[in-house]
Ligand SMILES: Cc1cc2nc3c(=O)[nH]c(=O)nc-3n(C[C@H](O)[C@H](O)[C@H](O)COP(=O)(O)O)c2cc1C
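Here we start with a single chain on its own, the form predicted alone, put down as structure tokens.
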Amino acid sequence: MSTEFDPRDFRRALGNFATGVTVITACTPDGVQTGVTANSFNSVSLEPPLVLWSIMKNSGSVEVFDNASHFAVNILAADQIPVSNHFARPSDDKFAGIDYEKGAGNAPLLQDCSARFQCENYQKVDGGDHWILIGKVVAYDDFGRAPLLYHGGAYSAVIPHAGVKPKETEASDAGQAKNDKRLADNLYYQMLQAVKRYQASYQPMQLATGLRTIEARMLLTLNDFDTLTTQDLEERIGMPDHDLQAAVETLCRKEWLARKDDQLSLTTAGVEQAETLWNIANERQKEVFGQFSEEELATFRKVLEAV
């Protein structure tokens, strides 16, 4: 069976698996520091306590991790998108302007993370075009902050699953009635359910355009701003730089996006596609909210803005 895949398509398929976002840091005995953004972090073993992550073999940071006795895994919190983007970009001094403290082996420990793991270098495994680095955890911090997620080439956030009612249940009628009333009175639960129902019909229509959600957001944003730098667009839609560049290439191939130096703008065909996306969104909104009066919608908007 052939295993030669289109790298872009393969990466997009892998992007369907949601992960957290980390910054892996290390320091050599002579004080050279590095930090790289990675979503390849995973647990390996509880006894001994082992974790792993992987790094491209051609990365300029490989030598630092090879020479360091320890590395630190900083699991980013939901509000740390700028930190992720900062460490994903090349820089002469990645720690300039970054608050951190020293951990085991002097590996930098970042502030305000969701959790941190200090690891002793344990094993290095060949993994194709990556090195798989396994570390033995010697200390950790669990701050319990909501984590930053990565899915489909874009940053995301944790939303608790609304759950489903079982088809058959042995629960008592009284217990079921009590639970139904609690959920009916819980506005947060009702908002989650409403979004779930809304997206169930809207997302298939948007995806039918042949665009991923993040690509559609790029078109819609550029349609409003005419021209943006890649960094401005990256910050507005919450997308890592390397995935933004991949999406830009896709949209340029479709001739919906024009790139001149660091400036991005829509072509005439791109504007038409963006308007098609807005029409899909507006039609879905009319379908759902057309049954309500202007006064009711004004109240609904007021409530949403207040929340």
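It should be emphasised that the depicted structure is a prediction, and the values quoted were computed from it without experimental measurement. Each residue number is its position in the shown sequence, starting from 1.
If you look for the form predicted together with this ligand, you will not find it shown, but the lines that follow are about it.
> Taking heavy atoms and a 4.5 Å cut-off, does Lys94 contact this ligand in the predicted complex?
Contact with this ligand, yes.
> With the cut-off set at 4.5 Å between non-hydrogen atoms, does Ala88 touch this ligand in the predicted complex?
Taking the distances in the predicted complex, the answer for Ala88 is yes, it comes within 4.5 Å of this ligand.
> In the predicted complex, does Pro48 have a heavy atom within 4.5 Å of this ligand?
Looking in the predicted complex, residue contacts with this ligand do not include Pro48, since no heavy atom lies within 4.5 Å.
> Against this ligand in the predicted complex, would Phe71 count as a contact residue? Criterion: heavy atoms within 4.5 Å.
Judged by the heavy-atom cut-off of 4.5 Å, Phe71 is well away from this ligand in the predicted complex.
> Look at the stretches 260 to 268, 245 to 253, 52 to 60, 274 to 282 and give the one with heavy atoms within 4.5 Å of this ligand in the predicted complex.
Only one stretch passes the 4.5 Å heavy-atom test: 52 to 60.
> Select from 120 to 156 the residues with a non-hydrogen atom within 4.5 Å of this ligand in the predicted complex and write them out in sequence order.
Stretch hits, in order: His130, Tyr150, Tyr155.
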